[in-house]
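Shown below, as structure tokens, is a lone chain in the form predicted alone; questions about how it binds or moves come after it.
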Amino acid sequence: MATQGGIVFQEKVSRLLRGQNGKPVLKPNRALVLKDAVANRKPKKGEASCITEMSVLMACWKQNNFVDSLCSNEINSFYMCVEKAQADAKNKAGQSNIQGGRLPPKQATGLLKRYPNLCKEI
């Protein structure tokens, strides 16, 4: 069944390449074959956390001439928020090595090199 779908696809590609009267409609500038490597892109960074706690802490410092002892509650809440954010990030990183059904670029390249494409066009 999979080979039948591949044959149908190849027929469509050959029809596009031939066009009518034997003139090519589609002129590829490269071979119509997948590469054996994937671009190594870094994943997007997450959003910043603990912004409100940090701004409350800085406002407290400004009101109290940067005396830590007068802003101990704000400092504690900021540090607790940072610890919670770091724990969440560790859980998320450990939990999803494969992000949203996608392989990281290094793993994808490794698999493509292990199982390379056929170099000839069909």
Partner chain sequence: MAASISGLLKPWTPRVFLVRWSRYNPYYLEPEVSKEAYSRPETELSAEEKEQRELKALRPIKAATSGVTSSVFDDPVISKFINMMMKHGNKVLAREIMTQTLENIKKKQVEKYHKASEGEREVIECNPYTIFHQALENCKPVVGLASIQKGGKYYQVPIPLTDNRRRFLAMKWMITECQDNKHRRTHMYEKLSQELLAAFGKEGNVIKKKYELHKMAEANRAYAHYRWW
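Everything numeric here is computed off the predicted structure, so don't read it as measured data. Numbering follows the first chain given and starts at 1.
Another form exists, predicted together with the partner chain; not displayed. Remarks below refer to it.
Residue-level contacts in the model of the complex: of A48, V33, A87, A93, one residue has a heavy atom within 4.5 Å of the partner chain, and it is A48.
Residue contact check for V67: one or more of its heavy atoms lie within 4.5 Å of the partner chain in the model of the complex. Taking non-hydrogen atoms only, M58 approaches the partner chain to within 4.5 angstroms in the model of the complex. At a distance threshold of 4.5 angstroms between non-hydrogen atoms, K62 is in contact with the partner chain in the model of the complex. Under a 4.5 angstroms non-hydrogen atom cutoff, the partner chain in the model of the complex has M54 among its neighbouring residues.
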